[in-house]
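What follows is a single chain, given as structure tokens, in the form predicted on its own.
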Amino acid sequence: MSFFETRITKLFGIKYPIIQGGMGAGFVSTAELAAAVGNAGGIGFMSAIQWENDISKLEDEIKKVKDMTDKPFGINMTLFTEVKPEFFHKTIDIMAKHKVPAVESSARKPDPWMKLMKEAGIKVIHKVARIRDGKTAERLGADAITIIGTEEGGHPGAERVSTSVLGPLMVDTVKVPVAIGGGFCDGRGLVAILAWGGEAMVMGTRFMCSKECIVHPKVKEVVVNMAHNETDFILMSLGDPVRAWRNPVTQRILETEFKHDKDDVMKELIAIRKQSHEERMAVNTGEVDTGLVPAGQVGGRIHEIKSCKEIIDDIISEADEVLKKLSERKYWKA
């Protein structure tokens, strides 16, 4: 048995316990990225919310990913309360029609969608930022849980608890396998997760900075040049926090949300929220100073744009080396 074989690799039929989490702030998690991660031995999740305005395009993306790989892939279904239920019904129908093997659900309690996904034969990993939400997802029938800490880019949850605390806690709380995300980019992180009892590493920012990810090159440039302390944690006043690269937009939001009422914050966001998916969050336009660039603190440790194969090969190679040095009980430095 390989050291990297876990219940999650068996669940999804993948070689390595590495997951590309769904990213839906504009077009980020597309067929190109999911296929590249799958071909490299992990599993990638495309985000259905990217096609909220025309869910039929999700079918085209599923066909595309199947043309690019014969490896497992999945769809992220972000259960935003403001999205109409019809969208999720159509998404599940499309996934069932095309026999999508896996779903990464997130954002809120996954009922009644869990029952529909399981009836369609889809394996479900539910992403949470709180321990109690992981317990609920397990009770509702999730095959696995992803727990993410405050280090994560995008929507890390309002409790602001670190991954190193949440990861082991979730492992100790549920019986289903646990994947852990928020702050990871290398083999040392993978070994740490396995040591905590986690069974897969989830990465978003690292894979956003891959050659196959279709985000604008300026966005990738921002991340590989940022420092670890150059993100802002915004929108806490609205109960929907976001971690993004610090720029004039995040600074204005921070100044506004703690000095004025929620209406002022919403006015600040109107220009961004009215944009189409092609323009939203600056990831596809490259307008990095006038939109949001979701990014995790781990961006401060990412310095190169590599292919997904190079990223995953490097992670496994480094993890092997770390394990070897630990077994020899030597002090080491990567």
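One rule holds for the numbers: they count along the sequence shown, beginning at 1. Computed from a predicted structure; not experimentally measured.
Although it is not shown, the form predicted in complex with a small molecule is what the next lines describe.
| message | Can you tell me whether residue 17 touches the small molecule? I mean in the model of the complex, with a 4.5 angstroms heavy atom cut-off. | response | No, residue 17 is distant from the partner.
| Even though the small molecule is not shown here, does residue 126 get within 4.5 Å of it in the model of the complex, heavy atoms only? | Looking in the model of the complex, residue contacts with the small molecule do not include residue 126, since no heavy atom lies within 4.5 Å.
| said: Is residue 315 part of the interface with the small molecule in the model of the complex - any heavy atom within 4.5 Å? | reply: It does not: once the small molecule is placed as it appears in the model of the complex, residue 315 has no heavy atom within 4.5 Å of it.
| request: Answer with yes or no whether residue 154 is in contact with the small molecule in the model of the complex, where contact means some heavy atom within 4.5 Å. | output: Contact with the small molecule, yes.
| Which single stretch, out of 303-311, 289-297, 32-40, 64-72, brings residue heavy atoms within 4.5 Å of the small molecule in the model of the complex? | The contacting stretch here is 289-297.
| query | Pick from 204, 198, 134, 110: which residue has any heavy atom within 4.5 angstroms of the small molecule in the model of the complex? | reply | Going through each option in turn, the one that passes is 204.
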